[in-house]
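Here we start with a single chain on its own, the form predicted alone, put down as structure tokens.
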Amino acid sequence: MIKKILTKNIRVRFAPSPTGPLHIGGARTALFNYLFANQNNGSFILRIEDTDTQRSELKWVQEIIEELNWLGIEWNEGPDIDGKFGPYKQSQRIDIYKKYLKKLFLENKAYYCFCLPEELEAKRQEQMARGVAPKYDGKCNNISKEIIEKNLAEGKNSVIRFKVVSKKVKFKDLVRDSVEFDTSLLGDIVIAKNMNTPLFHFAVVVDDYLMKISHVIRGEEHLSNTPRQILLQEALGFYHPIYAHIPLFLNSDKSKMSKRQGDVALSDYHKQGYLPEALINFMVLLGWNPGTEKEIFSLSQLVKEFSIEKVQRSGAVFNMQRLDFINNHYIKEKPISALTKLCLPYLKDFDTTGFSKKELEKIIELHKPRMKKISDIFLLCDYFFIDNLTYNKEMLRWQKMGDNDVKEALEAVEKALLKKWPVRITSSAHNASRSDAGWNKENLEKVLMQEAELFNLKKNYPLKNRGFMLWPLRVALSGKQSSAGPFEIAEILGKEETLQRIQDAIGMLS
């Protein structure tokens, strides 16, 4: 008799296999489970499905835990905090699975299969040639007990198969509504390699039952696994959890997201400098529609507003531009001290000791609007830490200016700056130049905007187009086609370095 689930006690699980880094699609599955559990005052369980002993590694278990913690996703029970339904690693539950495998054998619902892989492949090819859906033909179903014992004693290769009952399996999916499968197309399925090595379908059914999982929220790729698992639940007398299969991640060309087509591990995005709050916000919108134009959600807001019923059926296109937009939003929201702390590891290849904490914060603040991810800071502001800039002198040109025009513009800048801030003799020239009274963005802008107008009058350039002077100056200071403004750069560089870079640019034009 099938037991009914008690849905008042909401319990969900995220059950990754530690055979590689945590896939970003898996992280979204964890997020949806976390939100559903917290929204319903339920429990969220982290379970490690590591029965694949050849591919499972402890380092991946650790990474899964670390990356989920980094996202801010917390669980109520798991391998690192335990709970009354543990252990939470399948490799530690072998005796439990063995008990239920024995139950299936005793009730004649499972049997040993000794068919060789090449024999199974030949049958599969033959069935496909006849236009028949390939499935196991049940050859080993009626082998005598004596032959089974003899084969096992001789160490013949074998697996344990579950006898699939041919019927229509129907279930209600919270995302896909009513779903129906014809199990006569399946054939008897492999549920274990031997009594000590259960496989996915069997272990997950036993665990979900014993851990009292009420809802199974997982990726669409598992939809076809559900009828197999329901048949096992029925054979063991277990209840059916409530299912919700969320859409796959798709590339921009609508193909399934795979490792061959770019970064798919959550740690890849972490290392590149995407913020956890941005990834949470981005991932939830991949498959879930809030029903409004709102795009920015905090984790606490999502707990209140998320609804599994609003998860879409169609695949979710992974749009990097959208991720960059959301991440830039959160970067701009970061307090400058916190953002600077995040940026400094990406500047470790530079000597930043010549800059005070305040100056480093100014550098970060200056480039914050243009940062799509934290790692962008390396290329955005490298010119502050490079002694000798290298760039093509053609970059100094604004519109149709010639070398002499650019040279005149830079010489005019140099003259104006030296007039306002004369060179002073000091035993510590670098520090003196940084403390020159009034050397700041506001005064630099005032002086040079006036000079730019005088330069345009002299050269008969349009008066409002300050680019004839400011473009060459900005490139001379940054060595870049695009960068922060010249006044902001000059303020941070200080007088001595600013004048040196202007002289270097003039030298290129001579």
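Residues carry their position along the shown sequence, with the first being 1. Since we're looking at a predicted model, the values are computed, not measured.
Omitted here: the form predicted together with glutamic acid (GLU). The next part is about that form.
**Student:** I'd like to check something about Arg218: if you look in the predicted bound form, is any of its heavy atoms closer than or equal to 4.5 Å to a heavy atom of glutamic acid (GLU)?
**Tutor:** Yes, Arg218 lies within 4.5 Å of glutamic acid (GLU) in the predicted bound form.
**Student:** If you check in the predicted bound form, is Leu339 within 4.5 Å of glutamic acid (GLU), heavy atoms only?
**Tutor:** No, Leu339 is distant from the partner.
**Student:** Do Ala15 and glutamic acid (GLU) share at least one heavy atom pair within 4.5 Å in the predicted bound form?
**Tutor:** Taking the distances in the predicted bound form, the answer for Ala15 is yes, it comes within 4.5 Å of glutamic acid (GLU).
**Student:** Given that glutamic acid (GLU) is not shown alongside this chain, does Glu49 nevertheless sit within 4.5 Å of it in the predicted bound form, heavy atom to heavy atom?
**Tutor:** Residue-level check for Glu49: yes, a contact with glutamic acid (GLU).
**Student:** Quick one: of Phe200, Tyr136, Tyr383, Trp421, which gets a non-hydrogen atom within 4.5 angstroms of glutamic acid (GLU) in the predicted bound form?
**Tutor:** That would be Phe200.
**Student:** Among Ile73, Val204, Ala192, Leu417, which has any heavy atom within 4.5 Å of glutamic acid (GLU) in the predicted bound form?
**Tutor:** In short, Val204.
**Student:** I need the one stretch from 341-349, 311-319, 368-376, 218-226 whose residues put non-hydrogen atoms within 4.5 angstroms of glutamic acid (GLU) in the predicted bound form.
**Tutor:** The contacting stretch here is 218-226.
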